[in-house]
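Only one chain is shown below, in structure tokens, and it's the form predicted on its own.
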Amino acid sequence: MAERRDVVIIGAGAAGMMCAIEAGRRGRRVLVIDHARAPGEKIRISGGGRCNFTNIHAGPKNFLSANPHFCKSALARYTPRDFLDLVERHRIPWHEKTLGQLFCDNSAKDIIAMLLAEMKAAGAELRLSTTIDAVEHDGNAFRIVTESGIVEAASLVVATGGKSIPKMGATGFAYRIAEQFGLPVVETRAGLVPLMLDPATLAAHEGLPGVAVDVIARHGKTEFREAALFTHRGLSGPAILQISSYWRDGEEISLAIRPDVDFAAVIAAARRANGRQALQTVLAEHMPKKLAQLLVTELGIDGPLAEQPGRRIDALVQRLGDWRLRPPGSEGYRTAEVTLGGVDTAALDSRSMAARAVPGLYFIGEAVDVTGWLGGYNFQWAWASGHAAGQDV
């Protein structure tokens, strides 16, 4: 005999738990199912274990989607302030880091405990370590076939995220369900991900892994000013992760090193003050010594500053403001923080996250073709989309 619920939510992550809370508050009988042994695993590891749970500046401009307008409704109806109010009601200490990013003072586990407490208060049931064998619809209700039995529900919410970080159990489950019920899926790829460099470039960059520097990373008309980090595989750091979501394999990116420094003026002043010093010595006052040495060496600059022809100085200043690199690929889903693409928003109602052509079916969170910037934006989309669906199921 099948169990009966009003709502079954597949996925006990940020979006799924928020949806369960809202649906439960409305008196719906809610069951959340997840194959993991613990809920909120991505929450637990986020922000270095302190969970960058939202961003006070979150708005539609901070998200990528085939339809940039789709996220507006949900984000407007559940704001960063709304989530912060919830955090403060639970007396979870928090702080703002740079660029509007809000973090727990203590642990990301505080956010998970808060969500579980809210789910319990709303009467939502959580069932972990449960594998789903099939999802069916008999014309009246959804039938979720699990290893422990069948559950029937009028509403089914898919909140299983994307493909990023497969070692934590991430799969393409949401996309398979979407395709099963005839919903289109926008091509998926790794986002907020470190970029690889080719072997020759890595060899030339020997000694740079571990070096970080403030940059403006550019791709086309998009740019981010944050830190870049050189690694044994290529490039990482916030600026690189951000630009990676706009870049495609083999395309060019540009780095402006220390954009706050007028290197032409600095070098000219140094030349007047002490023309006998090496150019890398001047640069090393404004960036890591190893990076300064690399930039000078790559342009074949050697000897005292006073002996350098103007064209070489100009070439160096040009490189510092527009260092072009062409990563052949990224590190992929293994280290990606998010999945770009997903269930096509054209098939969903932006107010409720409901599938237009399949009554009772909803997709929320990372499973949908809405991807935020680095810095708490993807959690805000999880809260907002989960809240929107929870108000409708």
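Note that the structure is a prediction, hence the values are computed from the model and not measured. Start at 1 and count along the sequence shown; that's the residue number.
Another form exists, predicted together with a small molecule; not displayed. Remarks below refer to it.
Asks: Tell me the stretch among 360 to 368, 321 to 329, 342 to 350, 65 to 73 that has any heavy atom within 4.5 angstroms of the small molecule in the model of the complex.
Replies: Answer to the contact question: 360 to 368.
Asks: Under a 4.5 Å heavy atom criterion, is W94 part of the interface with the small molecule in the model of the complex?
Replies: The answer is no: W94 has no heavy atom within 4.5 Å of the small molecule.
Asks: Under a 4.5 Å heavy atom criterion, is A14 part of the interface with the small molecule in the model of the complex?
Replies: Yes, A14 is a contact residue.
Asks: With a cut-off of 4.5 Å between heavy atoms, is S148 one of the residues that contacts the small molecule in the model of the complex?
Replies: Contact check for S148: no, nothing within 4.5 Å of the small molecule in the model of the complex.
Asks: Does any heavy atom of T201 come within 4.5 Å of a heavy atom of the small molecule in the model of the complex?
Replies: No - in the model of the complex, heavy atoms of T201 and the small molecule never come within 4.5 Å of each other.
Asks: Of L116, A122, I132, I257, which one comes within 4.5 Å of the small molecule in the model of the complex, counting heavy atoms only?
Replies: Selected residue: I132.
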